[in-house]
Structures are given as structure tokens and as C-alpha cells.
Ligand code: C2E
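So this first bit is one chain, no partners, the form predicted alone, shown in C-alpha cells.
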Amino acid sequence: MGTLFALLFGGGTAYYLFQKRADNWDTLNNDINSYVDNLFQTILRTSTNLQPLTFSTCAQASRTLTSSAAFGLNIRALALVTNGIAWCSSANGEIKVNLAKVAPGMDLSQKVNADILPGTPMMPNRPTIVLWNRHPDDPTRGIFISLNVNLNPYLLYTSRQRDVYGIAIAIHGKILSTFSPRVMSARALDLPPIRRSQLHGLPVEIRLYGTPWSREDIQLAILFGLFGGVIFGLLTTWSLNSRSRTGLDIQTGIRREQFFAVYQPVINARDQKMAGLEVLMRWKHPVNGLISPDVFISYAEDQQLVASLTRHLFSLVINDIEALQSVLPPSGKLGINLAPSHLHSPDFKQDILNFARALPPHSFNIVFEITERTMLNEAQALPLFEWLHEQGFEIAIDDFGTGHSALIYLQRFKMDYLKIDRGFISAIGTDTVTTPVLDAVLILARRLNMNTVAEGVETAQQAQWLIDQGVNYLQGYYYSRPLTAEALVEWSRQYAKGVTL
């Protein structure tokens, strides 16, 4: 378990760090893309304003061309073009240059286009990006722009990320990058980019190069994985040892009488008198003190000791029988929890008969409460429920609404009581989704002619609301906590003096 958790935790940490780094790459890539796009669009707008000059003479256009190139950002030269021949340049004045020879990869039939050149006639050793902007009305004319390429501004962007070490601009399979001052082919730069993006309307691609996994992140993921694995491994070892010891301790606790029974009064909603008790088991461990029932019952289920615990609970009830008779009315209800694992055990019927024979005749009305920790086996449970009814016992669904099988129980088995889980009761008086669900549960119980018991009643407001809704029985701290038999006798005397809501 420690190794598994180390892999999961280390992998999770690595994934988180990678995603965080990837988000930063996306932001950086978008910023650079926006920067380059704005630059190119500004240059294209400038050249669009100069399109009327393509119908002028070079003498008329030269001054405006020179001025626009001088004040244009990153513009090296502007040239007027007719039928593929550049005939006027901002740098040289009147010229005659065939663009098919200068920029053979440039398609002049496109409205806008771009290419990368290793140099120009005036600056043969200085790579440049060239743009083509065709005249909107005359496809034989347009403006050819060469740019001064400087990747330093883009490097300032990449400096935000220590694992991004390069940038490239790719056009038609040719690349200008921070790796070389020369134009490279796409095949020559044999590096996979971590991000790439295309400029809108231009064949220009921006590529970022970096380290997908940094050494620091890998070390951090390994460290977190090892630390988490060790901690989880130790916790798992402790848990398994504790569970193993607890299984043995349950049997020891039964022999040494560490378990004891407590009883929580169940109140008749109509006359506010005690109508019965729910029997609960508690464990006072000599070392660990009081252990939660959820804990030791879960352990007992794992160790297949639930039947032994239930039989011991029966014996505890029998030991308290005189105190229970003194507080319960004739035929008062005594609710006892049954787990499905005990219900399906081979000794179940004999355990129930032995318990019934040990009780004084006609003293109590036993109600067995079926919990939903595990799903009942319908084929086995149906005849068992019929047998319990034949023996004069009643059956209740405990904590209705919290398990996956409650509605299935109602559909397939004959039940006498429906015990509403405290989670629904606590929502009374609040605007939560559980309140209409509680209304539906009460309507369902009435249609099925089932008595309802509300668990977890803690306030007078909750009690009054439940009474108004026709709930039959109430149970919770508003009336009493679970009490030992001796404390129950004293509580009964005090309660008999009268309680008003």
C-alpha cells in the first residue's frame, strides 16, 4: 500500500506540476502570438494605405515610401510591384527586380502572404521575413515588404519560464530561430516544440522550445511520493495491526464483560409517553476507553463476529430485564438491531428462540431493526421475515434513506416500522433539499400502513413538526441520550413528572 500510494502521490504531484507548467506555456505562447500578430497586422495596414501609390510613378511615390519605411516598426524596405516586378523601392528608388527570383516561395496570387529569405540584394547576409499585400482591386499590383528580424523581444517573453530555451518563426518549411543567425529548414531543426500556434490569415507559425520535464519538478515529485508512501505505509501497517488486534479484542471484551447495553427511550408522538426502547451496545476498552460503535461493529463484520456480538447483546438485555420491566409499559416495544450477516447465519433462528425464551412471558414487544450495511439476500431473507412474524416479532428498517437498499426492502419485504434517519430530521426548519424528501418518505409510509419512528430529534421545533406530520414515534436527545439500565430508571421517574413541548 505504501508503494502504491507513493506511485499515486508522486504521479499526482508530477501531473500537477506539469499542468501548472503547461498553463504557463499556454499563456506565454498566446502572448507571443498576439505580439507577432499585432506587429504583422500593423505593417499590413500601413502597406494597405500605400496601395494607391502602385498607380503612380516612382518619382511621385518615392518620398512617401521612404517616409513610411523609416517610421514603420521593423520595416526594412517597401517596394511597389506590378505583374510580379518590383519597380520602386523605399531604399533604392527606381528598381527592376523579378520577385519570382528573389522570393520563389511567395505566391503573389494570394491576398496576403509571407516568406523567409536568407537575405535581400541590398543586405545579402541578413535574413528577413517578407510580406506580400496585394492590391484589393487590381490583382496584378501590390506592395512587397521586407522586415528587420530581431528575436530579442520574443526572448524577453520566454525569460518568464526557466524551462523555455528557444523560439522560432516558421514559414513554408523555413525557420528563423534563436538557435542560429541563419535561415534553417524545418528538417534541420530536429527539436519537438512544446507549443506551436498559427497566425490568423498568414502562413506564419510560432514555435516554442523547452524542457517538458524539469529536473526540479521530477525531484519534487519523487520526494513527495516517497514521503507520502512512507507515511501511508506506516498508517496502513498500524491500521491492519489495529484491526487484527481489535478482532481478537472483541472476543476478549465479550469474555471480560467490557461491553454493556444502553437504552434510548422511544416516545409515543400522540401522548408523549414512553412507548419503548432501542437497545444499543457500547464498548469500554481498558486501554482505548470508549470505542465508537461504528468502529467496532465494522471490525466485527470484517472478522465475522457480528453474530457473537448480537448474542452477547441478548444476554446483556436479559441481565437488565428487571430494570426494563419497571420502566416499560405492558407490551412496550424493545428495538434490537440485526445485521444481515447474522440474519443469514445458520444459527440465527436458534439465537432468536433462545433470546425469546429467556424473556418474561408477554413482557415486551420485540422489534428487530434491520440495518443496511450489506444487501440482504432476498431468497433467504423473505422466509426468515415470514418466520419472525409467525413468532410474534415485528420488523423495522433502521436509518431509512441512507442505504442503497431501503426502497428495495419496502418493495420486497413486509415491514412494520420505518425508522427515519437523523439526517432528514436535522433538516427540519431549514430550506434544504432533504425537507421535501422527508415529506415524500412520510407519505410513502402512510400509503404502506407502516408506523414511523423519527431518529435524532434534538429540538422542540423538530418534535412539534413531526407530530404535526403524523409521525408515530419520536427518539432523540431532545428526550434522552442512550442510558444504562440504572440511569434509565431514574430518567423514567423524572419524565413521569411531565414534559411539555
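Computed from a prediction, not measured in an experiment: that's the story for all the values here. One rule holds for the numbers: they count along the sequence shown, beginning at 1.
In what follows, reference is made to the form predicted in complex with the named molecule, a form of this protein that is not presented.
Annotation: in the predicted complex, residues 297, 399 and 458 each come within 4.5 Å of the named molecule through at least one heavy atom. Taking non-hydrogen atoms only, residue 141 never approaches the named molecule to within 4.5 angstroms in the predicted complex. The named molecule is not shown here, but in the predicted complex it comes within 4.5 Å of a heavy atom of residue 337. At the 4.5 Å threshold, heavy atoms of residue 293 reach the named molecule in the predicted complex. Among heavy atoms of residue 477, some come within 4.5 Å of the named molecule in the predicted complex.
Just one listed stretch, out of 64-72, 465-473, 43-51, 449-457, contacts the named molecule in the predicted complex at the 4.5 Å heavy atom level, and that stretch is 449-457.
This chain is displayed alone, yet in the predicted complex one of 427, 91, 313, 186 has a heavy atom within 4.5 Å of the named molecule; that residue is 313.
Interface residue among 369, 163, 217, 320 relative to the named molecule in the predicted complex, by the heavy atom within 4.5 Å criterion: 369.
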